[in-house]
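The chain that follows stands alone, in the form predicted alone, written as structure tokens.
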């Protein structure tokens, strides 16, 4: 019998590179990069999910089912400031009712103020886990996350103007592939320096005053490209400079939550749930910085983002900035999204002229 631990985290943008490094070099277990999300993923998740859950739950459930079918035996689920806190427990029950045998690392069950609780939960992943090894792996893991976010920020703001189509995306893909064989901090640093330089050397033909659009929205949907139908790429194709502050660097590593509450206090005087206060603060910054438009990306039924949507309308009115709202579910039409984006671009273009 094979007792090898094969861990898997749901697909979430490009962060699988950092997760792989942490689990293989820190936890000392094999990491399975989840299969790319497809229509089959969301169909699987929807089939076995309650109707009332938000779409990110269905994506994560479908992703975990595909991973289990490919041999994963240790699954992870994050926690959050909304219903997400309860989703780990629900997902574990659904998967076990389906007959799968696995270990489940639910971060919502950890008391982060208790070292004993942290250690007990880490041992779910590997009973022989070494805190020393995890501590050694953390600097490179954090570095990888920050570099991924830095590269993606650069690509969003410049890919729509590159002279050779897809050159930046090809460089970024190559960087992620090479990260798979990285085992130490020095290797990561060398790779980072090499590929940041490659990105900076890409030839672009950017107008002096391009159309600039800011993306805001719920944590998962705005960051996972498949769940928002690759909206950033569609905007880049139109020659738009895209801005998005919602990422792991800003929300977890730099922990900008308190500052976001302060920035948006004129419009929101209390916590409206999950990352909705970030949404308001980011939209306000984009409006003050003179961006041409804002797009709110959220999953259908996300109550915190519904709360934020009303506030965004006030920001739109006060700063005369157009805001387009998208709500995604498992039945969303890709054609409808592209049509609305094209109409939004035409409006912004005409307004700018």
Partner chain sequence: MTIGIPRALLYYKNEKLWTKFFDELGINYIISPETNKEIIENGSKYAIDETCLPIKIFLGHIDYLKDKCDCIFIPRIESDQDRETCLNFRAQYDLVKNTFRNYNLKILFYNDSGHKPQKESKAYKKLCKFLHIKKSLGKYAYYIAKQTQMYYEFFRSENQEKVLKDTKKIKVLLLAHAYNIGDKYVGEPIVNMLEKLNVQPIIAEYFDRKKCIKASKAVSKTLPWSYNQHLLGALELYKDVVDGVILITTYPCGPDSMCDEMIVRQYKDVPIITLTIDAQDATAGIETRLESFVDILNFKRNGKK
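It should be emphasised that the depicted structure is a prediction, and the values quoted were computed from it without experimental measurement. Numbering follows the first chain given and starts at 1.
Note that the form predicted together with the partner chain isn't included here; everything after this is about it.
Partner contact region in the predicted complex: 301-309, out of 66-74, 301-309, 36-44, 281-289, criterion any non-hydrogen atom within 4.5 Å of the partner chain. In terms of contact with the partner chain in the predicted complex, the residue from 199, 125, 134, 94 that brings a heavy atom within 4.5 Å is 94. Between the options 82, 263, 168, 129, the residue in contact with the partner chain in the predicted complex by a heavy atom within 4.5 angstroms is 82. None of the heavy atoms of residue 29 is located within 4.5 Å of the partner chain in the predicted complex. Remark: residue 321 does not count among the residues lining the partner chain in the predicted complex, judged by a heavy atom distance of 4.5 Å or less. Contact between residue 188 and the partner chain in the predicted complex is not found at the 4.5 Å heavy atom cutoff. With a 4.5 Å cutoff on heavy atoms, residue 267 counts as touching the partner chain in the predicted complex. Three-residue candidate spot 48, 272 and 327; every residue lies within 4.5 angstroms of the partner chain in the predicted complex by at least one non-hydrogen atom.
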